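Just one chain follows, in the form predicted alone, and it is written as structure tokens.
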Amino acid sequence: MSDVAAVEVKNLVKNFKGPFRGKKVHAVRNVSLTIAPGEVYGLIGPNGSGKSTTMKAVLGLVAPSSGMCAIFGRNSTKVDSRSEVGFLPENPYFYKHLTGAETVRFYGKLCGMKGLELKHRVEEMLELVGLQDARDRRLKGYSKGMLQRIGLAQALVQDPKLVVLDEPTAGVDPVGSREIRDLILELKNRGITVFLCSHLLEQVQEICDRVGIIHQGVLVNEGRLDDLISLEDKTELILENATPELMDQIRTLVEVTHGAGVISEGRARTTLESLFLKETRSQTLRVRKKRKRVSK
């Protein structure tokens, strides 16, 4: 792994002019963070916390009031720092009269690609984001989730080393959200660094290696996800097919151990999203099997 950080933010401050003369809006206050190559980093916070402003400063879309941002060692204010970056904004704009394939081809041409290289790259990206079957449909007929996936395809078309995503699953249904998160994990497997902003904490927890928590422009906590969410004085034990006798033995052992105690006890739980995806996928499989029987 390279010693040069994929993203480095040092003492970033960003102020905007307020609605009243002489007043400033302090969007980001002395934020510092580092993202290693190949890492999935999530910057989380409520709306208006400064996460999107921090992301735009990293991309060079806004100039810092003070401090510095760098991408692979190159200052973000320099145009060449963005040569290896793919970006998907929260509300991307697309030409709705173009098809999926035409859209990816258009952005590939903007990145200087042409000929067979561009043709093969378009096919590869459509395959990666699962839109081969919709390649010739116009974007005006795409769902929100499909638009986000075609947005990921355009962000990846020039084979970037860093992908920056602003609220990638906002407004997307659970199935589409699951597909986008799977894509992010696939990018990680390919060695691509991912920097994402989100307020959907459960989704961030599932895919990120490290997390920064920003509130009112201040980075209030930052570190490896496992370290941030672990509780030092509590241990979780999950048993399968435990008999009542075994549970009684465990309770007795805990009672005679000094300083130990059972905090809670009950059945392990899944998430509503996992249950939803399980049931909808099962229904889809049942329908497909029924259709196959009818067609025979």
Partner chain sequence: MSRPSPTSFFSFRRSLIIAQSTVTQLVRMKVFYFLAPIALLFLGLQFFDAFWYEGPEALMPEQELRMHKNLCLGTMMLFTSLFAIVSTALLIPGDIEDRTLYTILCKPVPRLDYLVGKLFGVIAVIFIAMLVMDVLLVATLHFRTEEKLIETTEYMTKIGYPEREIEAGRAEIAAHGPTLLLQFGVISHFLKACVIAAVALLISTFSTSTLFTIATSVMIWIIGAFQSIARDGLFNDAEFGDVPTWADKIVGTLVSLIFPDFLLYEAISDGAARAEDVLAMDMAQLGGLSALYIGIYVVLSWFVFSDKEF
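Numbering follows the first chain given and starts at 1. Take the two forms, superpose them, and find the largest set of C-alpha atoms that agree within 1.5 Å; that set is the rigid core. Bear in mind that the values here come from a model prediction, so they are computed numbers and not experimental data.
We do not show the form predicted in complex with the partner chain, though everything after this point is about it.
- Comparing 208 to 216, 108 to 116, 181 to 189, 221 to 229 against the partner chain in the predicted complex, the single stretch with non-hydrogen atoms within 4.5 angstroms of it is 108 to 116.
- For the residues M68, A36, L61, L246, the 4.5 Å heavy atom test against the partner chain in the predicted complex is passed only by L61.
- V157 is the sole member of V157, V129, V194, C197 with a non-hydrogen atom within 4.5 Å of the partner chain in the predicted complex.
- Within 4.5 Å of the partner chain in the predicted complex, a heavy atom is found for not a single one of K10, R29 and A170.
- Residue contact with the partner chain in the predicted complex: L98 places a heavy atom within 4.5 Å of it.
- Under a 4.5 angstroms non-hydrogen atom cutoff, the partner chain in the predicted complex lacks E123 among its neighbouring residues.
- Mapping the unseen interface onto this chain, G176 falls outside it, with no heavy atom inside 4.5 Å of the partner chain in the predicted complex.
- Using a 4.5 Å cutoff between non-hydrogen atoms, L165 does not count as a contact of the partner chain in the predicted complex.
- Residues of 51 to 84 lying near the partner chain in the predicted complex, listed in sequence order, are K56, L59, G60, L61, V62, A63, V79, D80, R82, S83, E84, the criterion being any heavy atom within 4.5 Å.
- In the core-superposed comparison between this form and the one not shown, the C-alpha atom of T99 has shifted by at least 2 angstroms.
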